[in-house]
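One chain follows as structure tokens, the form predicted on its own.
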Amino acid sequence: MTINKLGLIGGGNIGGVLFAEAAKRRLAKRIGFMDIKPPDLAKGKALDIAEGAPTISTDIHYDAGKEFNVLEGSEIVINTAGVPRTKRPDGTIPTREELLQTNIKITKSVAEGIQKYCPDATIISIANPLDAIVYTLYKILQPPKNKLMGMAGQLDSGRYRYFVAQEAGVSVENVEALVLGGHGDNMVPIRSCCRVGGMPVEKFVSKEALEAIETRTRKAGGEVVGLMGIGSAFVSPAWAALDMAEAIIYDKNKIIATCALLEGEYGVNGLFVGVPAILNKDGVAKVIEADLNSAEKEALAKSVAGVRNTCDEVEAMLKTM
């Protein structure tokens, strides 16, 4: 099963992985690939990948270029457009929130392009600051709530799973984990939902090690930025977004941690927050309310407050644009 067209916005590292993987997995009959960078980054990357297609026995059909018209007719759009987190000359790393003003302007242009060429598309957004960018797309496009989501929780939960598996000495396939809230330093790894082979994680990992793992999970994006120095994580975010896209394309009814619009769930209204949700051909089919203990509820409330503050900034910025 495939869709007719998949649209990709942003030809950077994440966009390149998305294009190559989508082609290899045959997720769409055609791929639209857009980036404004001169002379024509998207077209160059698309051609490079297409020229390798015979080696992996895959037929690739694509529209690529610097204008949003290459997205025309896309049924699913994955947005990566924005300035990535990059280590500064003094060694410091900008927070996701520090990217806000620049990336809001970029997102406004992205929204206008989607509105013109593929207004009915289901949108998965990756660009940071994640929660604020998804909220910006929502404010401009006003799509049905099931048609817009952010990729963060799947990535953060994957990081949590990897760290737990390493500490427990088991395969990542044995670990289930869930991270909720905003995609920032206040994200909430949900220990009560973490299982190893169906058993509580505490059976395999000490309390002290779990605390260290949860701290590392919250800081994982910055850890990658610090080590690379020239950009941010790109393979793991791309794979996480493709997992979400496949759940939609193949109508899987798969529960994935997703940045989704809440309308009363978890006591939150009108914000996009990372929560477990069922994804299928309709997009976000249902938000699942996990049973949280008191400490987890408190941590989630703090994370949501941070999301709300950032979205208030978005509201103010949009009024000036």
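Treat the numbers as computed from the prediction; the structure is a model and nothing was measured. Counting begins at 1, following the sequence as shown.
Separately, the form predicted in complex with a small molecule exists; it is not shown, and the next lines address it.
S.K.: Using a 4.5 Å cut on heavy atoms, which of 257, 46, 273, 34 is close to the small molecule in the predicted bound form?
M.R.: Checked against the cut-off, the match is 34.
S.K.: Could you spot which one of 153, 221, 82, 189 gets a heavy atom to within 4.5 Å of the small molecule in the predicted bound form?
M.R.: Among 153, 221, 82, 189, a heavy atom within 4.5 Å of the small molecule in the predicted bound form occurs only for 82.
S.K.: Just checking whether residue 126 would be counted as a contact of the small molecule in the predicted bound form - the rule being heavy atoms within 4.5 angstroms.
M.R.: Taking the distances in the predicted bound form, the answer for residue 126 is yes, it comes within 4.5 Å of the small molecule.
S.K.: So, residue 109 and the small molecule: in the predicted bound form, are they within 4.5 Å at any heavy atom pair?
M.R.: Yes, residue 109 sits close enough to the small molecule in the predicted bound form that at least one of its heavy atoms falls within 4.5 Å.
S.K.: May I ask you to check whether residue 62 falls inside a 4.5 Å heavy atom distance of the small molecule in the predicted bound form?
M.R.: Because no heavy atom of residue 62 falls inside 4.5 Å of the small molecule in the predicted bound form, the answer is no.
S.K.: Would you check, heavy atoms only and a 4.5 Å threshold, whether residue 28 touches the small molecule in the predicted bound form?
M.R.: No.
S.K.: Heavy atoms within 4.5 Å of the small molecule in the predicted bound form: which of the stretches 263 to 271, 52 to 60, 285 to 293, 37 to 45 has them?
M.R.: The contacting stretch is 37 to 45.
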